[in-house]
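One chain is shown next in structure tokens, namely the form predicted on its own.
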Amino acid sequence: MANLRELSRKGELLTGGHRACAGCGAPVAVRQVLKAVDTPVVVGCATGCLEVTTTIYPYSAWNVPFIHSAFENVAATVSGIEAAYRSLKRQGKIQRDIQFVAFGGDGGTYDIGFQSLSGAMERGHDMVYICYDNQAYMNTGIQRSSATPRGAATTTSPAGRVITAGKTQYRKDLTAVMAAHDIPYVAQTTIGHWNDLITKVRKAFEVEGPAFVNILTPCRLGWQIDPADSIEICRKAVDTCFWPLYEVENGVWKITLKPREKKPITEWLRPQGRFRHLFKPGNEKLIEEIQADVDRRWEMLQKRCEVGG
């Protein structure tokens, strides 16, 4: 378990003064991730909100070596760095231990960066990939991605007269997809559960080989929430089982936090403006279908954890 007192004494590897929106989940996720690593770390970052807001030339908010990759290839970039490091270490040109971490949003991870990510994981590079999942292409105009939940209104899946539901498809379960790669460690967490997040990221850095951590990180603009509610909305995602907290360690599935009382999905949907249209008369069946899908996935996850995968 993470010790809050000890963490508070560690220096910040992502400084204040960056240009992320108030309430943005991405820098919160990064600060927590970097608190979890004790050895020197090299960061790769895909194009996206995180990169744009923290590295506006000629400034940088990063107090670690930082490499900006294209939208689709941060996993390939970091895997190349890790391979070069291993070569230099074999030659005796580097003695110290260094960790490698890649950050990408859901657009650069679930979608256009998936091939790069899958390849890096399959090849077995000793690196951690962090997806800061804000559930749309927020940096380029709030377009839907395969991480966008069913029913969410985005600029490319607007809720209107023709399609009243917003996005008509369910989101991709990328955490389960990564577990299918049979890598040493896969986990799902949120910025609203700092202890769970840091404990999992520490495990990810400690394993030999590739690790993947999917972090729910609200975008207050795209989700249409008050900036002060970013942490609470993550907790609602867990309490409703929309975003369960679990890990897959060497093929063994384990739920790391079970809600004391499973809340209805409406408690997560209602505070978000992107789901406002779902509560108009006539859309009751759609909410029922979303609830049924959440229930189905939660039951499936529990069964997987009971038998260890």
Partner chain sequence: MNTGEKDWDKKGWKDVPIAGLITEPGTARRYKTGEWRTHRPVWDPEKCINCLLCWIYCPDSAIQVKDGKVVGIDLEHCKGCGICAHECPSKVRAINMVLESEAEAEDGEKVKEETMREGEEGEKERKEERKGEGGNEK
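Remember, predicted model here, so these are calculated numbers, not experimental data. Positions refer to the first chain, counted from 1.
Omitted from view is the form predicted in complex with its partner chain, to which the following refers.
Considering its partner chain in the model of the complex, the lone stretch of 222 to 230, 200 to 208, 160 to 168, 129 to 137 in range is 222 to 230 [heavy atom distance within 4.5 Å].
Contact annotation: Ile290 falls outside 4.5 Å of its partner chain in the model of the complex, judged by heavy atom distances. Residue contact check for Ala147: none of its heavy atoms lie within 4.5 Å of its partner chain in the model of the complex. Shown alone here, Arg19 lies within 4.5 Å of its partner chain in the model of the complex, counting heavy atoms only. Taking non-hydrogen atoms only, Trp253 never approaches its partner chain to within 4.5 angstroms in the model of the complex. Residues from 5 to 20 that approach its partner chain in the model of the complex with a non-hydrogen atom closer than or equal to 4.5 Å are Arg5, Leu7, Ser8, Arg9, Glu12, Leu14, Thr15, Gly16, Gly17, His18, Arg19, Ala20, in the order they occur in the chain.
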